[in-house]
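This document opens with one chain alone, in structure tokens, the form predicted on its own.
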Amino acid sequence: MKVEERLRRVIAKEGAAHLTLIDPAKQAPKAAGEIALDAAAAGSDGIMVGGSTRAGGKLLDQTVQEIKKAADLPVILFPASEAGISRYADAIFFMSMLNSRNPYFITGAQRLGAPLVKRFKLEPIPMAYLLIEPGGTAGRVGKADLIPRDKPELAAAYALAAQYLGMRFIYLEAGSGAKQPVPVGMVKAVRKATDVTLIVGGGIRAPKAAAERVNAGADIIVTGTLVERAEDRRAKIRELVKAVKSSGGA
């Protein structure tokens, strides 16, 4: 079964899905495998790998391989550039940062990465990546014209443009470690404007925050920094997954 279809089935059955984000640059490959094992045991629906400009090459390949050995979950690449592509993954969020001022992040990296995706026979999942204030490192590196937190109509317009361009997923990202996640009102506005699969991530530290965004229309919640820092990682992921699924109507 293709990864996109698997995620859609989870959303249809349980109301929403949860993905755990692992940045290869933040721990050794073995440790990444341990995170993936905990995520699988806690009920997460997949592992996203990437997010850092340093997450490439041998380190990326080894990280993906360790994750695949440790957990029976789909591994989806979340690359910062064409260097973030590994032949060992299952799929890739083939994404465009639509609100970047630099064409490289809109179509340049995609042009360079597309032949690799085809060569490695990865499943491409077309996605619009929208950076919301404060945006974090991704916003700075990607030279994003950050969408203000009080401008939900702007996020909705970008999202609708993405849908009309044929993108099947939209990711609203507040930035890794953001003090506040994407506003609930913005999630509602994007949900109302579009019919695509809506992902929300960045700054989601508590089950309540995850539940609120699922209730507002998010189909998938992504957590990363919180998982890295949690003392009882498996229990923390389980709490988040429970909030996501119960809010989604499972």
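Since this is a predicted model, take the numbers as computed values, not measurements. Residue positions are given as counts along the sequence shown, with the first one as 1.
Omitted from view is the form predicted in complex with a small molecule, to which the following refers.
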Worksheet item: Heavy atoms within 4.5 Å of the small molecule in the model of the complex: which of the stretches 112-120, 176-184, 156-164, 81-89 has them?
Response: 176-184
Worksheet item: Is the small molecule close enough to Leu21, Tyr171 and Gly203 in the model of the complex that each of the three has a heavy atom within 4.5 Å of it?
Response: yes
Worksheet item: Is there a heavy atom of Val222 no more than 4.5 Å from a heavy atom of the small molecule in the model of the complex?
Response: yes
Worksheet item: Is there a heavy atom of Phe105 no more than 4.5 Å from a heavy atom of the small molecule in the model of the complex?
Response: no
